[in-house]
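Heads up, the chain below is alone and in the form predicted on its own; it's given as structure tokens.
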């Protein structure tokens, strides 16, 4: 499968989707001007991945900020991961958030309530 590597900017997150190295991560800030154009290739990649997923999929979200438009597309990603889990595959979402950022912690909790996949909340220090 093709590897997706998108270098983050002030407005777009870093995205690495690499099956061979079992590394799937979205990190940084997500407030792209055209949220659909930014996330469509990621959703298409996940559709392809779902046809032949790893026995265990670990997807890391390490976002420090995302806007409302991004929140819908993040949910779309999580729903695709849920579909993979529904096919009998092991899926773990790791939601990383700064330990002093209650909003990002709560966002992870809310997503965990919506989708039926294993969710791990991981706090980290910004120091």
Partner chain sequence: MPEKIDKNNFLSFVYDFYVKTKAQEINLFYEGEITHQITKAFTSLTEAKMLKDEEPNTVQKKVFHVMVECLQNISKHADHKNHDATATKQGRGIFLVTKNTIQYNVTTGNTIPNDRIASLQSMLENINSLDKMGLKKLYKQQIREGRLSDKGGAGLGFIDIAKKTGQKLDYHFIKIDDNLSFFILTSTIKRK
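Numbering follows the first chain given and starts at 1. Please read these numbers as outputs of a predicted model, since none were measured by experiment.
Absent from the display: the form predicted together with the partner chain. The rest refers to it.
For the candidate set 38, 45, 95, 66, a heavy atom within 4.5 Å of the partner chain in the predicted complex is found for exactly one residue, namely 66. For the candidate set 60, 82, 101, 90, a heavy atom within 4.5 Å of the partner chain in the predicted complex is found for exactly one residue, namely 101. Heavy atoms of residue 33 reach within 4.5 Å of the partner chain in the predicted complex, making it an interface residue. Although the partner is absent here, residue 10 sits close enough that one of its heavy atoms falls within 4.5 Å of the partner chain in the predicted complex. Mapping the unseen interface onto this chain, residue 27 falls outside it, with no heavy atom inside 4.5 Å of the partner chain in the predicted complex. Under a 4.5 angstroms non-hydrogen atom cutoff, the partner chain in the predicted complex has residue 73 among its neighbouring residues. Three-residue candidate spot 106, 110 and 114; every residue lies within 4.5 angstroms of the partner chain in the predicted complex by at least one non-hydrogen atom.
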